[in-house]
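The structure tokens that follow cover one protein chain in two forms, given apart as structure 1 and structure 2.
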Structure 1
């Protein structure tokens, strides 16, 4: 214990007890710690000199290197825009099918199309194109298409818009048929997806569907829509008449909803976003429509 009296102290002593007074030693810090501390001080001074560091009354110190985060961001943005322009130039020159065969270019187009979809299409068709039955906005993620799901047709739909009309059949709604006849038509339509509860009514509805009501003129002789359907053995034009034989329903498959569609009719309108854009006050460029068409086609239901 006698060796402790040789250790340097701060001169501070808490008591005066003889023998072993309580003193505050002044033990030096390890050299490695001191050298590390001095190195950080030197590094800080060098950093202050080379880079922007200190706020001033009229701005800030610029640093000897002349570097700034804003400048680096501007340079990176310029490089990204240049790269994007090169890809966009290729998109403008190539056809939709050619773009679809180039995976890297397709991914670039779809990334842009996703952003455009979120801004212009998602409010009606929902995020990811899931559709909204309450408004009659179709899902874009299945393989059930009213006018066609190939790339060129999707482009045309976005560019020029679409209009569809299901006329009212009930006399009280402007049609020509009675309540009983509308009920028969409803049963026949339900029978196409094997959901009819009245075979006799469905048989009567069959006669109306292919006869006086003329529903097959749009929906096809088999009720499988204007894309796949036939009228008197001839291909029907795609007028937007849906397929009535599957489980995909634009407004819902409940019998009451189906009857309401037949009785009171339905109207659908897809605004034009390209060459025919007027009502929206917004117009997409041909390049944006290409990107959007490729994105919609890639949602899972493109033909």
Structure 2
């Protein structure tokens, strides 16, 4: 610090009466600071000339470099595509079955599928497809399929989406059956997985299931689901009616939940991600859907 007597002051002075004059020094700015400041001013002017900068009354100055955010984005995307072109071309050309036979290509496709699954599918199917706590979202890592577990069916499910329509059966909720009849149907459904407590009610439910209520039209004569069901004239394409005889439940195994499914109906919705989706819903390319189909098929239950 320079001796205070040598430094110019601004002329402001306080407290002079007390004998301790408080003065404002007018020290010069440090050189390094001053020159950095001038440099930033010059840089700002250079920036205005090179890059888009100043708004004008109708438009803005475009800058000499012609740089634009959207152009850079387009180039980035193109470069990324070009980089993956060799392997992607093969995946695009070959059919799902052909890819599945080529082990290294399959591994490549599945690792891509795994990343996409994490972003788009895991919120409903759980990471790794193991399912989530909330009811209504099927596990994909088992061999219990609603619509089918072969590669082409899985592809179609992802591409076009699926809607499970289980009608309501209780009077007042949109159905035609009384409380007692719905209880009987519930009892019969529970008996299919050997959990019935009331054989007589299950017997009455059996009559309804295969008769008046026509549950077997979707769930199959044996109640083992629309893709396994043995009923003649069972609706095609598959309606996605679950197997009611096993331990895997879409909405939950609790008798009250089973009863709610029958009474009020269910409308599980698997969104479409490709050709079946509306414009902004086409979030995935055919190539990505292929990778996903191979990944899901490889989760454990592929057929």
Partner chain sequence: MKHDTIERSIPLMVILTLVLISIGGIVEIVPLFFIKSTIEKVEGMRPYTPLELVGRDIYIREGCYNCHSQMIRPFRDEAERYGHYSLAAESMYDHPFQWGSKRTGPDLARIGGKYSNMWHQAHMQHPQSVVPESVMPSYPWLKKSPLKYEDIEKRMQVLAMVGVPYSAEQIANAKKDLQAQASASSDASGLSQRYGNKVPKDDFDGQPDQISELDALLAYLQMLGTLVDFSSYQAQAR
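A quick note: this is a predicted structure, and the numbers were derived from the prediction, not measured. Residue numbers count along the first chain shown, from 1. Rigid core (definition): largest C-alpha set, two forms, superposition within 1.5 Å.
Visitor: Is the form predicted alone structure 1 or structure 2?
Guide: Note: form predicted alone is structure 1; the other is not.
Visitor: Once the two forms are fit on the core, has residue 40 moved its CA by at least 2 Å between structures 1 and 2?
Guide: It does shift by 2 Å or more.
Visitor: For residue 254, decide whether the Cα shift between structures 1 and 2 is 2 Å or greater, given a superposition on the rigid core.
Guide: Residue 254 C-alpha, core-superposed: shift of less than 2 Å.
Visitor: Superpose the two forms on their rigid core, then report whether the C-alpha of residue 267 is displaced by 2 angstroms or more between structures 1 and 2.
Guide: It does not, since the residue 267 C-alpha is displaced less than 2 Å between structures 1 and 2 after the core fit.
Visitor: For residue 72, what C-alpha shift in Å results between structures 1 and 2 following superposition on the rigid core?
Guide: Rounded to one decimal, the shift is 20.9 Å.
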